[in-house]
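Before any questions on how it binds or moves, here is one chain, the form predicted alone, in structure tokens.
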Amino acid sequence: MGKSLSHNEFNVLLGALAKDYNIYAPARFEKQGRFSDTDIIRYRQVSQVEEIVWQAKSTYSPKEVVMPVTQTLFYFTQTEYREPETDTRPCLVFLRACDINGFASLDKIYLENGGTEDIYYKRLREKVKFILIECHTSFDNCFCVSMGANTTDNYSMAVRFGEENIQLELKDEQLAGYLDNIGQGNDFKPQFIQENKIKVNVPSVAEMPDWIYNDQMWKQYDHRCIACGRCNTTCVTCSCYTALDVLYDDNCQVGERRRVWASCHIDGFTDMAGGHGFRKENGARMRFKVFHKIYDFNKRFGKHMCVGCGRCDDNCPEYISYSNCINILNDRLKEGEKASV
């Protein structure tokens, strides 16, 4: 089922949906960017089409909807604990094909990894319906085609934003009911990006050779990377967190346990009891991230974790290119293969 709506009609639709759903979309936060007088685009609740930024890639991914930056797991006293109340309303999230595929990677980690479901993630994830934002052209640093994440059919509604009107495809009968008396019928189907400016050659190996873990290619990141973790926090598939107990000042026996985003690039991530730590060099952390995204995850689940959204390249303050790192890795493996013949 397809529909064509004016912007005013689309706002009427959003108003109707907002009665039953929390609606999240990329929105502009003025003067909160990396530099003076620059903006960032990140996800928040919206109520009008004018708030939705569809002409540009969001700075941050939509994963915050199901994986909050800080999440209280439970409150505790000396003798008992209780879980916090949560919003039971379902959510609609406007996002692109790469991000929908990114959620599939998060689902693997939180719902299938080790045979145990993460109940906190599951509760939020079950409430979410995806509204696909059609990509007209590939953005800078995108390499979704190389990662096979440029297409998807996992959405309840698809949207093509235009200056004059908005085209919709509706796959969810429940959502279609909100449009019974709105818009004109059509046969709209979303199109998908077929080519990126950046092409990535992902290594295809059954096993990584031992020598590549200590290869000189990783040394450059010891000095270039500053371990800020920006690449992880803007990535849709990074899923690491740490847990901490927050004790209240008036009674140190009462508090709450939270989980907070953590990152393989940030100092302290691998610290252990006794002061021991692993991967203290930034190059080793880069190696760990790269292998996790394109090798270890694939070996376990049969698909690459990275979806080629390019946010890591967009947001690195040192202009480190993750996509270029993959290509360098692929070239080094080929060189090593030739040398062993």
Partner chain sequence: MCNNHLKPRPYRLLSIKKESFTECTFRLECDHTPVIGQFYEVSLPRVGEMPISISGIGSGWLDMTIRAVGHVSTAVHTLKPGDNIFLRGPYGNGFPMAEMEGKHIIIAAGGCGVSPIRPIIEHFYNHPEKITAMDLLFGFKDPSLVLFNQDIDRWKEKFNTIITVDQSCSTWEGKNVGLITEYVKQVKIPDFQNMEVIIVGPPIMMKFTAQEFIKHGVASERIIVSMERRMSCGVGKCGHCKVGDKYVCLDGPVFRYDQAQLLID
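Numbering follows the first chain given and starts at 1. This one's a predicted model, so the numbers in the text were calculated from it and none came from an experiment.
Keep in mind the form predicted together with the partner chain is missing from the figure; the text below concerns it.
Just one listed stretch, out of 259-267, 87-95, 180-188, 135-143, contacts the partner chain in the predicted complex at the 4.5 Å heavy atom level, and that stretch is 259-267.
Although the partner chain is omitted here, in the predicted complex none of Asp20, Val65 and Gln167 has a heavy atom within 4.5 Å of it.
Just one of Gln194, Asn154, Thr242, Asn201 comes within 4.5 Å of the partner chain in the predicted complex, counting any heavy atom, and that one is Thr242. With a 4.5 Å cutoff on heavy atoms, Lys57 does not count as touching the partner chain in the predicted complex; it lies far away.
In the predicted complex, Asp215 stays away from the partner chain, with no heavy atom inside 4.5 Å. Looking at Gln174, you'd find every heavy atom of it more than 4.5 angstroms from the partner chain in the predicted complex. Among residues of the shown chain, His223 is not one whose heavy atoms approach the partner chain to within 4.5 Å in the predicted complex. Contacts with the partner chain in the predicted complex, taken as any heavy atom within 4.5 Å, map within 257-289 to Arg257, Arg259, Ala262, Gly268, Phe269, Thr270, Asp271, Met272, Ala273, His276, Phe278, Arg279, Arg287, Phe288.
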